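The chain below stands alone and is given in structure tokens; this is the form predicted on its own.
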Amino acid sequence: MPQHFDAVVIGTGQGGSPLAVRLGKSGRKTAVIERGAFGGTCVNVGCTPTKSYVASARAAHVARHAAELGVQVSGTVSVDLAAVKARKDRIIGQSRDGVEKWLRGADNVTVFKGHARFTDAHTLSISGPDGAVTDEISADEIFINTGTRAVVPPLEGLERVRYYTNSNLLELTELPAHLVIVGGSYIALEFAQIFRRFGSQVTVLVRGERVLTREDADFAESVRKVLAREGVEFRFGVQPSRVEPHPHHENDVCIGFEQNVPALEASHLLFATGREPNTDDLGLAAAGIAVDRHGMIPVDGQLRTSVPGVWAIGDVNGRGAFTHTSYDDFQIVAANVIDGGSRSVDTRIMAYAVFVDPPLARVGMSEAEVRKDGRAALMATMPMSRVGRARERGETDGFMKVMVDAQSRQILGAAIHGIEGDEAIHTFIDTMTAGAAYPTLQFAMHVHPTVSELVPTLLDGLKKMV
């Protein structure tokens, strides 16, 4: 007979781990299952390692430009990638070990190491690396938090060359001579700037005519200009059709295109072309759990799947692809399942940042979305060169933008591409979450000299959108 639990959490990402601990604290006999590294994508191959690389890349960039601030740095600034990786590994190790220790020490929580598969709606088998089943458990409540993985397009010749995703690129100990990145979205641009600042030649291949297609065109162009100025090469309207080993240089790659586009040589090839859910090997069909055409698990506002007693949280449900959305999923489920509340993901105001330098941060609707919506609205923009903090730091790239409803005076959306924009955006997030009209923020007294102090001034410039 399967060992029975009150609740089971599959996966120890940013939603699963705190949920398992909260379930245990509530008195539920709880199991948590992890087949890989504790902490999920964010800790192991996502936010934590990449942002440690962003920090190293920024240090190199600042050192190279120190003379502009009157600081002399003698000699050539170079990057020791092995040392950068070692620092990253220490940070990851601390976080990963902390998550595992937290879970194993939590009240009423039993940790299983292995791969979970549904055998029916409320029963799971757990298998080891060899595929042999080691345990079988059942539960009244099951929470899926299995995350996503990088997509690798099925190019001709792929099996013959060395290539990378965001996961294994972080294992390099020597700098790429020429890194070619396929993709023009968030992950692609972060890695492009990181490795260009490290000293690699970087070429970004974009299928369309601009980067960051989910963002307003002016913000996308603002980001591109910064990266291009730093030496990142962009090629638009191209899509690789085949790859093959370089005939003369071991491990190098030749990338071929259609329509008589010349082939491109690279020492390293990175695919940043999207992510897909880890749902194909969970046995969801045996449980009767529906998935959409992308493999995501559809959920309702309370994150319930098509099967009673089963929830899906984090990237795997398609309702958000960020660490903070995963954690918010945990908070919603905990409020409803444990505390008897009625929170819904449907009322969540989406916010995120792209951690290029300077960052691009956004909350709510874009200008394009507001225009498509057709409502009467006001808009204001302001260059970062107006911000004292930016001028004092010598980093005036980018601008701010905000849209408000002309009738209700509610803030519809805002974005900042500029120094500390990832922090300043929270003035908008908090005001919107509180449901306050924009004068609440417009007439707030902010601290000088900061980036946030220019947000009220930005709102002073609201004009009718035309």
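So that there is no doubt, residue numbering starts at 1 and follows the sequence shown. Predicted model only: the values in this text are computed from it and were never measured.
Quick note: we don't show the form predicted together with a small molecule, though the next part is all about it.
Q: With the partner left out of view, is residue 60 within 4.5 angstroms of the small molecule in the model of the complex by any non-hydrogen atom?
A: Heavy-atom contact with the small molecule at 4.5 Å: absent for residue 60.
Q: Can you tell me whether residue 432 touches the small molecule? I mean in the model of the complex, with a 4.5 angstroms heavy atom cut-off.
A: Residue 432: no contact with the small molecule in the model of the complex.
Q: With the cut-off set at 4.5 Å between non-hydrogen atoms, does residue 401 touch the small molecule in the model of the complex?
A: It does not: once the small molecule is placed as it appears in the model of the complex, residue 401 has no heavy atom within 4.5 Å of it.
Q: Looking at the partner-bound form in the model of the complex, is residue 406 within 4.5 Å of the small molecule by any heavy atom?
A: No, residue 406 sits far enough from the small molecule in the model of the complex that none of its heavy atoms falls within 4.5 Å.
Q: Even though the small molecule is not shown here, does it sit in the model of the complex so that 39, 145 and 323 each have a heavy atom within 4.5 Å?
A: Yes: 39, 145 and 323 each sit within 4.5 Å of the small molecule in the model of the complex.
Q: Given a 4.5 Å cut-off on heavy atoms, tell me which of 235-243, 370-378, 113-121, 207-215 is the interface stretch with the small molecule in the model of the complex.
A: Result for this chain: 113-121.
Q: Tell me, which of 187, 79, 106, 299 has a heavy atom within 4.5 angstroms of the small molecule in the model of the complex?
A: In short, 187.
Q: Could you work out which of 164, 219, 355, 198 is the residue within 4.5 angstroms of the small molecule in the model of the complex, going by heavy atoms?
A: Filtering the options by heavy-atom distance leaves 355.
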